[in-house]
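So this first bit is one chain, no partners, the form predicted on its own, shown in structure tokens.
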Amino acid sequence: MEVTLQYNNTDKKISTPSTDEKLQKEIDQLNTLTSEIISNGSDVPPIATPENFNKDLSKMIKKLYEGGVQSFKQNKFEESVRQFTIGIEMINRRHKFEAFQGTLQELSMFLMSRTDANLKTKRYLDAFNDIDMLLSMQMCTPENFLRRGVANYFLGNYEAARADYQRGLAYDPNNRRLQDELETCLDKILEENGDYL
């Protein structure tokens, strides 16, 4: 397959008239990495270490997190969701060559907190999406299975909720909240099946 590529000297980006979505995605990724290298100011990006992690951006992200937590404590859940969302957008703006370990920790905190705020505002699908992503990063956290179970329960996915509660209990068998939610979920499953206790 022969493809025509064009280079724009002004914005330093490659483009193609091709309509192939996969090719377009790869070109977009290449343009993103190229702009990151150019903005870095050197031919080769520095090795990602905690020392060269952008501390100024970290301070702004931390302030957004603290503001979101404060709004949550004051029952201003919509404001809390907004601040956590802005924080996640800032995390996504980090240079692609920064230490991923720090970015992962920040993202985990924000996703967990935004999930809680979305559950409070009854945005169960948004909460499910956030916690599902978080579980792919932190599999062994029973509270995250509790969060996804609650989201699944209110989305009407009772069997999935049951599975989430049971997975959480596999990591923490004595977690009272997981046990209570599992009982409620099992009662709902029996009710849906026409069986009553």
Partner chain sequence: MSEYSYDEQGDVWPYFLIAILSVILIPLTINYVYNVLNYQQSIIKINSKVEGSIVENNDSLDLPTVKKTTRSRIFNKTLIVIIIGWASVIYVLINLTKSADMSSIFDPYEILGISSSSTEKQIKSHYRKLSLIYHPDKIPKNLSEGEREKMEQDFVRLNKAYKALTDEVTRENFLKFGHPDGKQEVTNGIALPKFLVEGKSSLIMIGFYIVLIGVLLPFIVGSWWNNVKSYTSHGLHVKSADLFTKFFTDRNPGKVITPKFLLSIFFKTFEIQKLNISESEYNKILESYTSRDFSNAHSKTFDVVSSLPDLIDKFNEIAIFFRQYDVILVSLELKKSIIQAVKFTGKHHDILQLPYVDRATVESQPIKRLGKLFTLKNEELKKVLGIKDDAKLKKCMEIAEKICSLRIVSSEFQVPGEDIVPPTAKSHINLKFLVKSPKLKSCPDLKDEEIKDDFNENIEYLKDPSVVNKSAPLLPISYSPFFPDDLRNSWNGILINQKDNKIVEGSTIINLTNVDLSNVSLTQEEWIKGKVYDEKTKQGVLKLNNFNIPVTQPTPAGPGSYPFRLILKNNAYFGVDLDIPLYMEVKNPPPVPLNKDKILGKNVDDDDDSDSDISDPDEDTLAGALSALRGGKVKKIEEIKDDEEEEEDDEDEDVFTDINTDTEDEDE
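If you superpose the two forms and keep the largest set of C-alpha atoms that fall within 1.5 Å, you have the rigid core. Residue numbers count along the first chain shown, from 1. This is a predicted model, so every value here is computed, not measured.
Although not depicted, the form predicted in complex with the partner chain is the subject of the following passage.
Heavy atom of residue 177 within 4.5 Å of the partner chain in the model of the complex
Output for residue 177 is yes: heavy atoms within 4.5 Å of the partner chain.
Worksheet item: For residue 93, is any heavy atom within 4.5 Å of the partner chain in the model of the complex, or not?
Response: Residue 93: no contact with the partner chain in the model of the complex.
ask   = Going by a heavy atom distance of 4.5 Å, is residue 166 a contact of the partner chain in the model of the complex?
value = Taking the distances in the model of the complex, the answer for residue 166 is yes, it comes within 4.5 Å of the partner chain.
The partner chain contact at residue 69 in the model of the complex, heavy atom, 4.5 Å: Residue 69: contacts the partner chain in the model of the complex.
Inset, instruction - Verify the flagged residues 31, 55 and 100 against the partner chain in the model of the complex: is each one within 4.5 Å by a non-hydrogen atom? - result: No, none of 31, 55 and 100 comes within 4.5 Å of the partner chain in the model of the complex.
- May I ask you to list the residues of 104-139 that have any heavy atom within 4.5 angstroms of the partner chain in the model of the complex, in sequence order? Going through 104-139 in order - heavy atoms within 4.5 Å of the partner chain in the model of the complex - the hits are 112, 113, 116, 119, 120, 122, 124, 139.
Item checked: Residue shift check between the shown form and the other one, rigid core fit, residue 22 Cα at least 2 Å -> Yes.
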